[in-house]
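In the form predicted on its own, a lone chain appears below as structure tokens.
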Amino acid sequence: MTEDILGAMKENVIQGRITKDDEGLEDEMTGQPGVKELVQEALDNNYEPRTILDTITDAMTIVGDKFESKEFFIPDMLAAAETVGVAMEMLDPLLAQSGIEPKGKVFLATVKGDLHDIGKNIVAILLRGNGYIVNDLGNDISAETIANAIKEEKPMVVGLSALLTSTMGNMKGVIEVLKEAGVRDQVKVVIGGAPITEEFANNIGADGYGADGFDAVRVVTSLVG
């Protein structure tokens, strides 16, 4: 029974099905339980929240592989990520109650002048699904606001996003302000977004570059250790 519920949960994450009313990638799945129903069913049957989280994480690893091999595209990744977001809303309080230690705290922000947030939101969901505490500071966030937040809450990593070539230069400004505020050596800086490259990340002194949401999780994990 366990494998039936967890196996169905994994498949529905991959299919991007939140509820039984969703079609997913295969039309014949309509009417079958989606991730929301399956997570609740697993909890009702006393499955450990950690076991459910591991199942969801395994599913997103498969989605990541399919995305990298171009079998999946951005809409497929978004649909799967949305199922993880729903599942985490159900699991977060239970994971905290069970005393499971998070892997670390990560702050995310879209830099000043940039209002785009889809990529950042995907990264937030994927990080939460991999056991990190995520504080999304939002869009159009100043370097000073980021520095003050780091001083107060001391995250291990801050992820910066920019989708415009006109705003990507503000990432360097954030790093400079972090130095001036005396907190640059307290946090790892990971950057990403459509115009960003690894060369740019190296040039501005960032600690890492995520080419996409899945890559960002790998980079964060490697930096946190």
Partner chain sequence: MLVIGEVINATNKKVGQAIADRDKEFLQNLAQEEENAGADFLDVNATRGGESSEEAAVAMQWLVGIVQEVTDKPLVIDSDSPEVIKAGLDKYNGDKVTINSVSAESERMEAILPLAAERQALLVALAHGAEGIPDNVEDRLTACGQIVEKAQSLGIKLENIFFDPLVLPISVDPTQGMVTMKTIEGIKSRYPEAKTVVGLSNVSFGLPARKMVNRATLLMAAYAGLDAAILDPRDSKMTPFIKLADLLTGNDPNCKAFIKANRKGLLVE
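Numbering follows the first chain given and starts at 1. This structure is a prediction, so every number in the text was calculated from the model and none was measured.
The form predicted together with the partner chain is left out here; the points below concern that form.
- Of the candidate stretches 173-181, 192-200, 29-37, 47-55, only 192-200 contains residues with a heavy atom within 4.5 Å of the partner chain in the predicted bound form.
- When contacts are judged by a 4.5 Å heavy atom cut-off, residue 103 does not count as touching the partner chain in the predicted bound form.
- Taking the partner from elsewhere, residue 164 is found to have a heavy atom lying within 4.5 Å of the partner chain in the predicted bound form.
- Contact check for residue 74: a heavy atom falls within 4.5 Å of the partner chain in the predicted bound form.
- Under a 4.5 angstroms non-hydrogen atom cutoff, the partner chain in the predicted bound form lacks residue 96 among its neighbouring residues.
- Interface residue among 108, 111, 91, 122, judged by heavy atoms within 4.5 Å of the partner chain in the predicted bound form: 122.
- Scanning 42, 63, 168, 157 against the partner chain in the predicted bound form with a 4.5 Å heavy atom cut-off leaves one residue, 168.
- For the stretch 114-142, the set of residues having any non-hydrogen atom within 4.5 angstroms of the partner chain in the predicted bound form comprises 115, 116, 118, 122, in sequence order.
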